[in-house]
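Just the one chain here, the form predicted alone, laid out as C-alpha cells.
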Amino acid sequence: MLNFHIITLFPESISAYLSSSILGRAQKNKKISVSFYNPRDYTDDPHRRVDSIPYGGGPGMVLEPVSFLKAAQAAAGRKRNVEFIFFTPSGRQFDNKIAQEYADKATNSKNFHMIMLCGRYEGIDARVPEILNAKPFSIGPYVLSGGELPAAVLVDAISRRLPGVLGDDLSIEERRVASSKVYTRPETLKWKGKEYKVPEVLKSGNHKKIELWRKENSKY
C-alpha cells in the first residue's frame, strides 16, 4: 500500500477531493491511504498559534519549526520506507516520470510512506526540510497560497499509476496514443443554430487512420 501523510493547517481544503471518485475507491480498496496531521495539534501555545515574525524582517509570517517537526515525527513514527517532501516554487518540477518512480517504489515495497509538508503564509522555517532531508517539489512556474493543492496533485498523479487503481493499465493516457480531442454521442451536436460534428475518421472503422489521427492530435 502507498501511504500519504499530509501535514497541513487546512486539511479540509483538499480532503473532499482526495476521498472522492478514483482516489476514494483506491482508499476503500486498500491501494492507498491518506492521513492528515495539523501542526496546531502539536503546539504548546494555548491559542494553537504556529507562526511568528520572520528574522531579518519582511512582510507576512513564517511557520514555526517545532510544531511541524512534531507532526512529521507523529506521521513517521517507527515506519520504514519513509520519504519527506515539501513544496516550494524553487523545487524540482514534478512530472509523469517522477510520479511513475514513486508508484514503482510503492509497488515494489510492502508499505511506502510519503510525508508531505504543506506551507502557508511566507513558508515553513527552512530548518524543517533541512532536518527531515525533505525533497523540494514544484508543480509549476507559479506561486500558490499553500502546499495543499500540490499535495493533492501528487497524490492523484502517483495513485493512478498503481496497479488496480484505474482498473485498466491503458487508462493511463501517456501509455497509449491519446488525443487532446475526444468525442461521444450525439454524432451531430446542434447548439445555438450551429452544428458540430464528430470527425469522419473516428466513424470510419479504419483503425490505422484513427491511430494516425490520434497521433496528429496527441496530448503528449
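It should be emphasised that the depicted structure is a prediction, and the values quoted were computed from it without experimental measurement. We number the residues from 1 along the sequence you see.
Although not depicted, the form predicted in complex with a small molecule is the subject of the following passage.
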> Even though the small molecule is not shown here, does A75 get within 4.5 Å of it in the predicted complex, heavy atoms only?
Replying inline: no
>> Against the small molecule in the predicted complex, would L144 count as a contact residue? Criterion: heavy atoms within 4.5 Å.
In response: yes
> Within a 4.5 Å heavy atom cut-off, is F112 in contact with the small molecule in the predicted complex?
Replying inline: no
> Would V82 count as touching the small molecule in the predicted complex under a 4.5 Å heavy atom rule?
Replying inline: no
>> Just to confirm the contact call: exactly one of 87-95, 125-133, 67-75, 103-111 touches the small molecule in the predicted complex at a 4.5 Å heavy atom cutoff, so which is it?
In response: 87-95
